[in-house]
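Take a look at this single chain, the form predicted on its own, given in structure tokens.
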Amino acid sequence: MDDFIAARSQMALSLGFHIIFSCIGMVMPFFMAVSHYKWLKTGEEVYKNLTKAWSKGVAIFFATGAVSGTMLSFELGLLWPKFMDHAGPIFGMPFSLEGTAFFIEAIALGFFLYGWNKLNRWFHWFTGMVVGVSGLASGILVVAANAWMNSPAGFDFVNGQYLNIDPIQAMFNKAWFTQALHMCLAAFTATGFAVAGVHALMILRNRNAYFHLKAFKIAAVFACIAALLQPLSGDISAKDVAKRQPAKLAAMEALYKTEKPAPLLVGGIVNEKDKTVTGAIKIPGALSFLAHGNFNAEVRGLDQIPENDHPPVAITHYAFQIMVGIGTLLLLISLIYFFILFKKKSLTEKRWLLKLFVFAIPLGYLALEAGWVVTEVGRQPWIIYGIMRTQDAVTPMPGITYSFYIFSAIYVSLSIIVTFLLYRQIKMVPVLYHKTDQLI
């Protein structure tokens, strides 16, 4: 493994872990706030217990997210110094604002965790909401910085110099809204299905089933609403990518030749050497509609893009297929769930539905990771799209391979610790919140 590949692998690993920690930290406070609100309005003790249980999970992921996020900030400077030298003054504003949001989140979380029976009941609930809003703001600001890498703005690039810098324009670049919307919905979908699935498993095992049923309903509603909205967000994102990054769209669909109309591929095996795709199901004109809103529109293929500007097609295509496939499955589960709610059927009698949610526990995060692979690998060979190539931004310092191994060990250790802590929290539910433990 050379240092360039090691640097890219280290960033991929770091982002892959951090995105899960941060998404849970962004979304779980809203589950917590809904449960807390229900306790304040109904006085049912189960909601208070659920709020306390979830708040401990939020604290765990806040701590691990802070660690992984801090490591990432150092990695940007250490692994990509040339990138940060030029990009730092331009897109530094969203990062500095993200730091502010992070500190607000930390303060509000402290108030919430230690404010039981000490603060005004509604002010205490408000601090929980602040945790969620500030966490969501942090995520949006980081995505805005990433969107700038896909759609550079806020400067003039003249003779290799970055002039007339406008941080506001850089932060609110053309890609920030579509990426932020897609990312937020993905975070709610992935976390919602994971949390609902864990509680569904406990219901199936009839362990504190009343407690877990209340938790399941809250998480499932968030997850299913986000899953239903995600295709709309995906449509907006696809049209945006088609306009700004035609090479990425072509790689997503393994479109080697410009076509009018262009079919949408479902599945398929990519042969990058022969530039062909075999075994795919073709939906005529669907890619034209997805990209331009017209079934007969022309979609640029990789044949109209210089060879040295092509992203890795196979990885991008497979990741896109995984993301869309899982998203479609979660959409179907959501439709089934709301149909059963509409029919006012008992969830505990629909064990097959609970098993579907258990099956979906990891799926949202797999789609989330696949989506980021599409975003990052599909932008290659650029680190700043159309401006700076990734290979020109990497550090000249040797020995990055050893850094990759060290950071890999750290993230694996973090994952083991988090898994152990969450497992312990779930096991402690009967001990700490033993109020109504069986369904009738």
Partner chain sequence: MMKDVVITFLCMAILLYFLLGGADFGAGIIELFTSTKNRSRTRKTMYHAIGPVWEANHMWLIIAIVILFVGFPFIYTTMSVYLHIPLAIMLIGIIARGTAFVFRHYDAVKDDMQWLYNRIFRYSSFITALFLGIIAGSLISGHIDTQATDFYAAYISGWLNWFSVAVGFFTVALCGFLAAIYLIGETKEEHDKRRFIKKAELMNIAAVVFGAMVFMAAQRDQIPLIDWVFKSNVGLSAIILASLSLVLLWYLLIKGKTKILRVLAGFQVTMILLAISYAHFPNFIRLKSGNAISLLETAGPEKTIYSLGLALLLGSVLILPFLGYLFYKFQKKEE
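Values in this document were obtained by computation on a predicted structure and should not be read as measured data. Numbering follows the first chain given and starts at 1.
Omitted from view is the form predicted together with the partner chain, to which the following refers.
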Residue within 4.5 Å of the partner chain in the predicted bound form by heavy atom, from 206, 96, 296, 161, is 96
Sole residue of 380, 64, 49, 375 within 4.5 Å of the partner chain in the predicted bound form, by heavy atom: 64
Is residue 11 close to the partner chain in the predicted bound form, meaning a heavy atom pair under 4.5 Å apart or at it? no
Can any non-hydrogen atom of residue 320 be found within 4.5 angstroms of the partner chain in the predicted bound form? no
Residue contact check: residue 276 to the partner chain in the predicted bound form, 4.5 Å heavy atom: no
Contact of residue 42 with the partner chain in the predicted bound form (heavy atom, 4.5 Å): no
Name the stretch, out of 367-375, 408-416, 381-389, 22-30, where some heavy atom lies within 4.5 Å of the partner chain in the predicted bound form. 408-416
Check all three, 136, 229 and 231, heavy atom within 4.5 Å of the partner chain in the predicted bound form: no
What residues in 44-73 sit within 4.5 Å of the partner chain in the predicted bound form, counting heavy atoms only? 56, 59, 60, 62, 63, 64, 66, 67, 70, 71, 73
